[in-house]
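Read the single chain below, which is given as C-alpha cells and is the form predicted on its own.
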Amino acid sequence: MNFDLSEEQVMLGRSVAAYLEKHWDQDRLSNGGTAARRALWQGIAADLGLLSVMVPEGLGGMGGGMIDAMVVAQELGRHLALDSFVPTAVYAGTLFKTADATQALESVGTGKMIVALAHTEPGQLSGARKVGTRVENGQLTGTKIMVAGAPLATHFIVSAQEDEQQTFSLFLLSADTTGITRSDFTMIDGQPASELRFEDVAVGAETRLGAIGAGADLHLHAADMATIAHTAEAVGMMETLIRTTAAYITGRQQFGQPLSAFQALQHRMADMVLYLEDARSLLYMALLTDPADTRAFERAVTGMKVKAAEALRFVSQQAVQLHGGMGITSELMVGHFFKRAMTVNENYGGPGFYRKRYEASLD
C-alpha cells in the first residue's frame, strides 16, 4: 500500500514549516503570551489560508480532508505552534459540517472565528451524555472548567441540558455574549485557558448546533476527528524530540567519548523510534478507516489514541531523561514538548476513557 503524500500535500507541509521557521520560535512560545498566539493565528489565516483546510471549496476553502489536516497538525506539532488549530479547524469544522452551520464554517475558513470547547464541568466523567449546565426558559446557566484557548477565542461551543432530554445539546455563543464571565489562567504547557461562568445567557434555535439533545453524538464524532489530528500533532512532536535528543547525545562528551557511543543510550533511542513508528502506523490506519463504518472507525480511533498517548509519554520522558535535569527547564524546548505532551494526551477524554471505548468496541 502506498502511504506517500500527494505533491500538493507535500507542498502544504513545506509551506507551513517555512512560515513557522520565520514567525514562531521559543521566545514567542515562552514569553509572547496571548498576543503572540493571536498574531500567529492572524498571520497564518491571512498569508496561508490554513484555517480553511477542511472547508469545502464552495465556501471558499481548500476542500481538503483529514489527511490534509494531518499534514498541517504534524507540522504544528514539530514547532509547538497554533494550539487552537485542532479545536477550531478540525473539531469545530467537523461539527459545523455535520450540523449544516454554513456561516460558521465560512468564518472558520477565513480565520475570523477561533473556537474553544466549553464542555468539562467539575466532577464530570469523560464520555458523559448529561451535563450540569442547563437551559431553562431560553436562559443558559452553568460553569465550565479547563476551557483551553478561551482567552483567544471569539466563540465558545457550550454543552447544556434542555427540555428534560437524556443527552445534552450544543450551542455556539459569541465570547462577548452578555452573561459570560471568564477567569483566566495558564495551563501547564503555557496555553491560555479559562473557567467560564454562564449566568442567564440568552440562547435559542439560532444558537443551537443540530437538533435538541443531539449534542452528545455530534460531540463524539467531532472529538474523534480532532483526536486523529492531535495524534498527528503528537507524531510531529515525537519526531522533533527524537531529532533533538539524538543531536544532544551525539554532541555531549562523557568519559572521552560522545554519549551516543554508549550502547544503553542507543537502545533507548531505538525504543523511542519504535514507539513513534507504532503511533504513526495507527494514525494511518485511522485515517484510512471509513467513518461511515461506525464500529470499525471507533475501534481504529480509540486504539490509535491509547497507543499514541503511551508513545508520546514514553518519548517525551526519555527525551527529558537523556538531556538530564536541564531537560525539564524552560530554557530547552524539550521541556516545553514534555509539558505539551501532558495536555495533548488528555484532550477529549484521555487514554483511560479511550481504552474503555476500545474494549467496548470489541464486544
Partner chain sequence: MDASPDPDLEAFRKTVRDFLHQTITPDIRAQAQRQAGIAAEPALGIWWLKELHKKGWAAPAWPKEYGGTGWDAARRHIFEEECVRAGAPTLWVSGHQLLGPVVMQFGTQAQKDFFLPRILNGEHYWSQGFSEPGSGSDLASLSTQAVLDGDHYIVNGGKIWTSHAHWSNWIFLLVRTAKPANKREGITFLVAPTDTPGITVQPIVSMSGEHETNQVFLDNVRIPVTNRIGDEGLGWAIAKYLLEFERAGSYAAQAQASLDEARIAAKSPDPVTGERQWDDPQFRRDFADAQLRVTAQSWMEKRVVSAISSGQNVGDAIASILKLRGSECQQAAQEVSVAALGPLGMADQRAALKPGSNEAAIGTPSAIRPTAKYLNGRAASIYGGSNEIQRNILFRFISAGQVP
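Keep in mind that this is a model prediction, so the values were computed, not measured. Positions refer to the first chain, counted from 1.
Below, we refer to the form predicted in complex with its partner chain, which is not included among the displayed structures.
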Work out which of 317, 294, 34, 42 lies within 4.5 Å of its partner chain in the predicted complex, going by heavy atoms. 317
Only one of 250, 266, 174, 124 comes within 4.5 Å of its partner chain in the predicted complex by heavy atoms, so just point that one out. 124
With heavy atoms only and a cut-off of 4.5 Å, decide whether residue 130 touches its partner chain in the predicted complex. yes
Answer yes if any heavy atom of residue 62 is within 4.5 Å of a heavy atom of its partner chain in the predicted complex; otherwise answer no. no
Does its partner chain come within 4.5 Å of any heavy atom of residue 9 in the predicted complex? no
Look up in the predicted complex whether residue 211 has a non-hydrogen atom within 4.5 angstroms of its partner chain, and give yes or no. no
Contact check in the predicted complex: 321, 339 and 352 versus its partner chain, with a cutoff of 4.5 Å between any heavy atoms. Do all three pass? yes
Going by heavy atoms within 4.5 Å, which of 103-111, 283-291, 269-277, 144-152 lines up against its partner chain in the predicted complex? 144-152
Out of 49-67, which residues reach within 4.5 Å of its partner chain in the predicted complex, heavy atoms considered? none
